[in-house]
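Starting off, we have a lone chain in the form predicted on its own, written out as structure tokens.
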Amino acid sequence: MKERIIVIGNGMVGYKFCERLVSKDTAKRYQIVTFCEEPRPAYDRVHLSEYFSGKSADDLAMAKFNWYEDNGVELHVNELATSIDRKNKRVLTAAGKVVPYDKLIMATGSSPFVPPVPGIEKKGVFVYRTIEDLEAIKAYAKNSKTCAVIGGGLLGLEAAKAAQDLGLKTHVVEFAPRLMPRQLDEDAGIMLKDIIEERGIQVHLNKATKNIAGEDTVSAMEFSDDSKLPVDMIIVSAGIRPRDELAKEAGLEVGERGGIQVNSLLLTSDPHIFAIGECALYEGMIYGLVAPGYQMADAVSDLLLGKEASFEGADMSTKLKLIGTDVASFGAIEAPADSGAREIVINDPHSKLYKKLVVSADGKTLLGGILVGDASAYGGLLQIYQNGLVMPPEPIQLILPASEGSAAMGAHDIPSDAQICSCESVTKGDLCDAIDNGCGSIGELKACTKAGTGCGGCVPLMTDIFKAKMKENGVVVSNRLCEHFDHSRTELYQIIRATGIQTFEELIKKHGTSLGCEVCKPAVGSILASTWNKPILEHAQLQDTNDTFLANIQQDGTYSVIPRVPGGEITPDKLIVIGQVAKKYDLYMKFTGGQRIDMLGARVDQLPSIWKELIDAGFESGHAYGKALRTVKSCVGSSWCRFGVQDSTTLAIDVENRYRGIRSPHKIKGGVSGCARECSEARSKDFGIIATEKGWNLYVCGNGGMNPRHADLFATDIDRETLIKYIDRFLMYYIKTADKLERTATWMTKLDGGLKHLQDVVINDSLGICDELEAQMQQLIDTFECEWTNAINDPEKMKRFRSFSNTDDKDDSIHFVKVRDQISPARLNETAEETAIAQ
């Protein structure tokens, strides 16, 4: 007769225990019965926010109902276990069942901590834990304009992104002096705050909520510093509390601050009862991540089968993409006091990058680190940290950009016994064995080893190992775009052009799987725009915020307006129009580095009327918001300058007008200088033109930014016709073959043969495609249409330019102060003062 195991709780960890025991119990020694108080079996809470982007409850399910049936697991959903009769070893449920057990597994998880603030019970306050919570938030948001999220941790920032995606003006309120205080140090927290605010979510730190104002429904948050934040709804994400009430009622030992006490065997104070996951308290620690829960589930399943296993604590390393930016941390985030350990820091506020390593006093051991803005080095750093590998002589090389001599660990450098997926305890050796046994794709590798199916943080490193191993085995690996397309960006470009596919839906139906993701949607949107040259709003659902509203969003939620000024040349009449528009709408004005004028502070509902006035005066969209040609900067050249040898201004205007609006894998900038003095800084552009006595020199693949690169000399002393022909071919070859979000400089360094290959293709037609490149470029030039003109003339597109999705009301939460006679975003205390004055 089989022994019966009851699992109370069917969350991610409870399910994982069932899965592990089913796979290991080949002798069918145990019968598993599991109770789930939710109406559906376990689903992926780590990716819960994807419910808002189109994934269904079924998509998020860890396993379907038939998995339980097929594996003999008796699943009871919507049934709460109400008490444990330890004396008779029975579980009683709300439905009146009394079920005996031989062993009991407590996997009750946790519940959101809701601070006991007066008014917190009002209508409009939600938590962010279950699919039902998300459905309630979605429904309430339809009649709301603003939302505040209490809690600036991992889940709080996820909730903030979800609220913003629902069209709500979003705030994050954090009690601590920085975001993610467990994972980030002070400077990293400042960096993350700046990034989040740039993306339209306002962050309020050091804020203790003392009251939720409103009659029956929420109207505002009131803080202990007497400031006030008007909001329509609140999402509470202020931490978790272990679900230990059932254990406590049964007389099991629990911690002073909650959590079921367990030893290293995950046994509670009752030798027949285990506890795993977020309800378990091990050496004073509640592990709130899924990976430690999986380790606990694995250990208990082994112990039940008579194997040696234990839980000795777990690594709390984290890597996530929060509101579009990479954030990762591992080990110590600050040098331990009196340890002699040192900190190596790269802090670049301009490029929004923060990287920090904590190394031992002798420089040989990596103790921890933080990455914000770029976490591409995380996989290699984590391997060095977890496996105690010796650091290189200059540790800073581990976090330098690749082109600056980075010494980031490659897949070949990782030892075979290194753990790659901590959620599923999968080593590099496990992955390589699976590949040797026939796994030929990342999807197959995931299905076989389970690696990458938990938090997903290991997928980039797993992909590197996969590619390296396949190459070692002599197999060509496809550089697929993401898990929804088994094609690279270049291959998708060819498919779209060859088949005439016009929409993402048609492409993924015929050549992909599922619904797509944040990687493939904007990449495909860019390809469709590059190929068919239709206005980007034809693919608005695939784009990020800037393309969605044809403007760059600012930190206070307003937008910038930048009309095209080809070559930086503008007439007095047009300059006056810009001044009149800025004055009428009270916009902040500033010249940009690309020789045009930026007008800042426009509400989204003001954008159409502003652009209507500009277009009537002869302006066009400047595409400052898009991955497209931005500007072609020029000097005054031979027309005015006594040193100029060619008319650089006319050429710059003609070139900018030729390539205006062309969409590409990343932004493109150009420059034309009238002589070798280089006043237009052409060599810092994707394509740069410098006049010579005999014609023009062409430079390619330069850029400014965090990692400036001088462009390479591509052709010398060429005439204007040849120059244009070469640029046509160069840009079109880049558009067709570069990876997503890849600047020309990075693209060229990845080409086999680099600059020489590029010259062979463009100048010598080594691939025999130059006629095709020129024809495709000409098609883009001939079909140019100003995106703002198109939008203004389309009533359907105009409907999106509203501050709120459910009303035409203006966003009255935007406040300005005057600085040097122009508007400037008001800080929180300045807003509060204005509010107080208004009241």
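From 1 onward, residues are counted along the sequence shown. This is a predicted model, so every value here is computed, not measured.
The protein also exists as the form predicted together with a small molecule; that form is not presented, and the subsequent description refers to it.
Can you tell me whether G661 touches the small molecule? I mean in the model of the complex, with a 4.5 angstroms heavy atom cut-off. Although the small molecule is absent here, G661 would stay clear of it in the model of the complex, with no heavy atoms inside 4.5 Å.
Closest heavy atom of L246 to the small molecule in the model of the complex, within 4.5 Å or not? Yes, contact at 4.5 Å.
May I ask you to state whether G288 is within 4.5 Å of the small molecule in the model of the complex, using heavy atom distances? Yes, contact at 4.5 Å.
Can you tell me if L48 lies within 4.5 angstroms of the small molecule in the model of the complex, counting non-hydrogen atoms only? L48: contacts the small molecule in the model of the complex.
Looking in the model of the complex, is the small molecule within 4.5 Å of a heavy atom from each of G702, E742 and D765? Answer is no for this spot.
Which residue among A160, V561, A107, V632 has a heavy atom within 4.5 angstroms of the small molecule in the model of the complex? Looking at A160, V561, A107, V632 one by one, just A107 meets the 4.5 Å heavy-atom criterion.
Under a 4.5 angstroms heavy atom criterion, identify the one residue in E79, D712, D728, D556 near the small molecule in the model of the complex. The residue from E79, D712, D728, D556 that makes the contact is E79.
Want to guess which of 808 to 816, 781 to 789, 34 to 42, 795 to 803 is within 4.5 Å of the small molecule in the model of the complex, heavy atoms only? Selected stretch: 34 to 42.
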